[in-house]
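The chain below stands alone, shown as structure tokens; this is the form predicted on its own.
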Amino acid sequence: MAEYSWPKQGTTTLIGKEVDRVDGVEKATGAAKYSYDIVLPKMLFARVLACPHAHCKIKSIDAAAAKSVPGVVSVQLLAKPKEEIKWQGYLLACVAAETEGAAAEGLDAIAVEYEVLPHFVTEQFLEAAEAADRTGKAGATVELENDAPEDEDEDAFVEAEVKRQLEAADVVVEGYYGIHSITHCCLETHGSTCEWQGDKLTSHLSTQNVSGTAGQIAGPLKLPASDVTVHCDFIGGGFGSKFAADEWGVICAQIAKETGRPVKLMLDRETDQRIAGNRPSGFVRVKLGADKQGVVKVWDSVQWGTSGIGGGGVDEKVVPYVLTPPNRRSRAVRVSTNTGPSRAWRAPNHPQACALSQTAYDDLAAKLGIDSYDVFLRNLDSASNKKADVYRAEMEIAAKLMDWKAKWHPHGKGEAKGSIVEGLGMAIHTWGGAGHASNCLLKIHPDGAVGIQLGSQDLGTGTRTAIGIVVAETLGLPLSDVKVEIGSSKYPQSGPSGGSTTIAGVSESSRRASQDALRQIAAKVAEKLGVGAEQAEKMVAKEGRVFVADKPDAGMTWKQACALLGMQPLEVQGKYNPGREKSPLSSSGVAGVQMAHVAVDKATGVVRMKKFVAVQDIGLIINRQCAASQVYGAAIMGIAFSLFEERIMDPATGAFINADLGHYHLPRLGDIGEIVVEFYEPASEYERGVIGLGEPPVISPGAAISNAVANAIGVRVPVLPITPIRVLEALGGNGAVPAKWTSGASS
């Protein structure tokens, strides 16, 4: 079996360096063509009619008038009379027309009569959800040091043991914390442009799953999956919401088939935000017990939240988050709401769990009057991922970058400049990041040209550049000499971009193919030079030459070596299937520490970011520039959901009232402050191989920023985002949690 490995740390030419994206100029200049940009001859424009009500029944739906609107070519009804609709934005009809204006007029001409039914859309108040009969038990996780006696009821024992542990604690902290639902806000909304050539369909789909969506379209159309090509060169954001072709992707293909013309169907912004993805909310009531040093001994919590009509919310198995005291009970209640269904959002469950848990640890520090840094440090031995040593090292680095010891002050006791006070907060996180399955086809031509194809996509990770770096490093070539092709389901299958799996996955397959190819070329070089098979195994490729290691003269140029291939190119498949065996090229499991420095205006409630420090381990770094960009982007998204983003539902009408980017508040550049990114990369981390990075740095900002605000003003703003009104409410309560936030938080 062939052996695979990475170059020794410090010996690389491209790997680990700061390399510009190979497609950066295309993206920056607008030359890059996204699915939205595809324009085809005789193309029709399709738009969808979405239900305006959160809960209703269709009494009647009539599209006759729409069909007579000038320019309208096709009208498809997607809902039926008597059908019950359970969230706003549900698709009712689709109109395709010669122009977008005609399609809009066609939608306006569709007559729908509704029977409006009772709705429930506000899950923050558990008492109200229980009164509306919208709750159900989701699960419970219990870990105790002591076991229940054989003759004792286990539930009764757990109840008594948790109570005993809390009564025995030196200090007890009770808190209420929450984080609202947010939407994905992809710059490019969901959708596709579809065209047929005979019985073959090409879907220019905005997707983070190029290899996995052709079958999703083929099935409903009763086509062989081999007759469908999914194409996506560039994607304008996904964040976990674009794994599927979706109903609208199939409708687009159907209309294109029926009309015999290409069709573009991209969701409008309002519909996109209502139905194409949101992150579940989470709220929790916590009671924890600790010793006088701030080491938590017992945790007891009840949480609730929603993923939409099916209930859901945050998995109680990740609460408390990372720091897991020896005695803990986490119970969850799911709340069913008439809202669009949730989808995966970067690091599913983790950002919410971190915000629901590590704020309580910071409140423990406040109650004891000791440094929050010390409380986190003293609890690291309870880290669920057994990475206490990594966290300690990362905390030390982060503290120096933040100048923590000089800036930190007891909660609410910092120097005030007028109405402005400042504060520090921190949080820690973990993630897997193992590479997904990946295949590639590497071609090396007799003239020395190199090309590689994968059915992967670039979700923002710099996938093309990473693949090119791995191949170029392995073959000893400049990055510009490697042509990377991704974005088509016709290329060898590679996994979807989700869960921080892409860079590790594509690095595995491309490194394996490159090393296998180099071995074959080295054998031909050795034969030509007459140096024998033993010397062939020692050959390396570097600076455009293939030669025996430590003997640069015993070799030839890359082109001379490739000329030995003869008339046909060398084709090598790279395959990686995780789980079969431990790979020397990639692994999983990372830790990260983040710290926030904020300024709060106690007169207006406005929070300003001053500095944000992110320290992260990710194993071996392929492209330092893209890796840092991932962290910058994640930190900005974290600041966004900490201070600005919130799906606001109107309890009276059931409407998602800020479902557009005019009213759904996102930060501007001036709202971000200074961001400092530092990678933790001793030799022990490098030797673990490549690990994904997309998810981890987006986890901690909520808790870190909330803790910084609490440190600044001396009271907790319990629910994210921390908007000015919530800051003023918390200050008005003089630190006491308002009754409206806790009422009904029963166990």
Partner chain sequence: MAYTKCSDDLLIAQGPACMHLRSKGMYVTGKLAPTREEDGMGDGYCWCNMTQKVLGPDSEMVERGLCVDGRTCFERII
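Since the model is a prediction, treat every value here as computed from it, not as a measurement. Numbering follows the first chain given and starts at 1.
The same protein has a further form, the form predicted together with its partner chain, not shown here; the description that follows concerns it.
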Which one of Gly175, Gly633, Pro325, Gly215 is close to its partner chain in the model of the complex, taking close to mean a heavy atom within 4.5 Å? Gly215
The unique member of Gly605, Gly499, Pro262, Gly673 whose heavy atoms fall within 4.5 Å of its partner chain in the model of the complex: Gly499
Tell me which stretch of 141-149, 294-302, 95-103, 504-512 has a heavy atom within 4.5 angstroms of its partner chain in the model of the complex. 141-149
Even though its partner chain is not shown here, does Arg334 get within 4.5 Å of it in the model of the complex, heavy atoms only? yes
Exercise: His119 in contact with its partner chain in the model of the complex, heavy atom 4.5 Å: no
Is the gap between Gly423 and its partner chain in the model of the complex 4.5 Å or less for some heavy atom pair? no
Heavy atom of Val250 within 4.5 Å of its partner chain in the model of the complex: yes
Indicate whether the candidate residues Pro41, Val75 and Lys257 are all in contact with its partner chain in the model of the complex, with contact defined as any heavy atom within 4.5 Å. no
Stretch 147-168 - residues with a heavy atom within 4.5 Å of its partner chain in the model of the complex: Asp147, Ala148, Glu154, Asp155, Phe157, Val158
